[in-house]
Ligand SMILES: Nc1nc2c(c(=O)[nH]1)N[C@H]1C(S)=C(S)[C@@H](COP(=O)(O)O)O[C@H]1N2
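Just the one chain here, laid out as structure tokens, in the form predicted alone.
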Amino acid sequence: MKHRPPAIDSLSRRSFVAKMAALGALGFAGAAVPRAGRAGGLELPFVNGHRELSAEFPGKGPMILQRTRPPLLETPFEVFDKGVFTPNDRFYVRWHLANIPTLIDPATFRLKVRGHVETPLSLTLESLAREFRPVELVAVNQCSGNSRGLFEPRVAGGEWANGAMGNALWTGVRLRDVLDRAGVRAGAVDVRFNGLDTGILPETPDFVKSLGVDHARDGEVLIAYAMNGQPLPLLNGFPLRLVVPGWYATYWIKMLDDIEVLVEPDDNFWMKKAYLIPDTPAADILPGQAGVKMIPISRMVPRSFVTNLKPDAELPAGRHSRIRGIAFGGDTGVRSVLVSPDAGRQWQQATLGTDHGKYSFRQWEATIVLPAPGPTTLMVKAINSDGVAQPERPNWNGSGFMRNVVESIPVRGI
């Protein structure tokens, strides 16, 4: 699991405890309330795509403001051209419930482990850092509805462009190790996770998600206390969040404070009625199609992007141009990335950059030649380690989930 990026310092147990104590002394009073100041606006590539670029949120640089409360902040796409690891201050933010604590004392915080276990636990942050073996893992965190604004016909929900995702080095402890200390009893079925955020109205369903007990104990799922070598930012889940590599971010519970082992399948609202996809290939149905079996969303699918060009970029026709981007394999690694300078008529292999682990972004580069002056379409697609390739046709479902069509960028040869 250790794939340390060279620009990120390791967070030792001693430094983690010290930094947590410093954060506790500082506090987060008012932290979820936007500060004054705007950073301008921009147009996202769909109808009604004007958004403010906001630098108002604590711990965040300029972000695309999708919603203030609960905060939805999208990473500006040019950030992804600067490296594999998404900086903490530009990492996207997505909350479901509006009441987010603004003051969390690390000294009094406790992570509870309860339910169908031999020994219920109440763990301090210090005990997590000192008593369990630390683990590092690089993994993409991506909202299920990333790119929802590009669905046609349009669907309801947060109208993201492609920036509701990020890649980080997560540091924490294995969920399996914590569950083993509690002693999961025979007959356990699911493990349910809850955080400190709450709804405004009492009848609002608490945002809780579950994993099957075997998945929870597979040794890959983490309880993370650090992100890119620093304690988690408040808006990204301080002090703890679940990391479920290869799965969509709906399972990555933020401000995690409660783990419950269940003897029955979890039937809470967020598992049985929300975040459902059609049980069809690529979660794809026709608009208006009825009578489709629905299942919980889970594994991510491969994606790739060009990061150093914007739509309608001008490139010299008949001459070499260097392009670059990022790709990820979804629930596994990237086998290859293909690029086409002529709308998919011809494809060529890109050169892959450093492999930081199968759940990470991977940079790629290619040299292309536009065939002639005038408009054309530059395309890129990833193929993952299981041989799954991005499709040439976009999927559609009523929730706007799991878009991963081959990415296309209009460019012009000059």
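Since the structure is predicted, the reported quantities are computational estimates derived from the model, not experimental observations. Don't overthink the numbering: it's just position in the shown sequence, from 1.
Not on display, but discussed next: the form predicted in complex with this ligand.
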Triple contact flag 95, 207 and 252 to this ligand in the model of the complex, non-hydrogen atom at 4.5 angstroms | yes
Just one of 266, 331, 342, 197 has a heavy atom within 4.5 Å of this ligand in the model of the complex. Which one?
-> 197
Exactly one of 86, 147, 236, 171 has a non-hydrogen atom within 4.5 Å of this ligand in the model of the complex; which residue is it?
-> 236
Heavy atoms within 4.5 Å of this ligand in the model of the complex: which stretch among 217 to 225, 172 to 180, 135 to 143, 312 to 320?
-> 135 to 143
Taking heavy atoms only, is residue 151 within 4.5 angstroms of this ligand in the model of the complex?
-> no
Any of the heavy atoms of residue 247 lying within 4.5 Å of this ligand in the model of the complex?
-> no
May I ask you to state whether residue 80 is within 4.5 Å of this ligand in the model of the complex, using heavy atom distances?
-> no
Could you list which residues of 109 to 131 come within 4.5 Å of this ligand in the model of the complex, counting heavy atoms only?
-> none
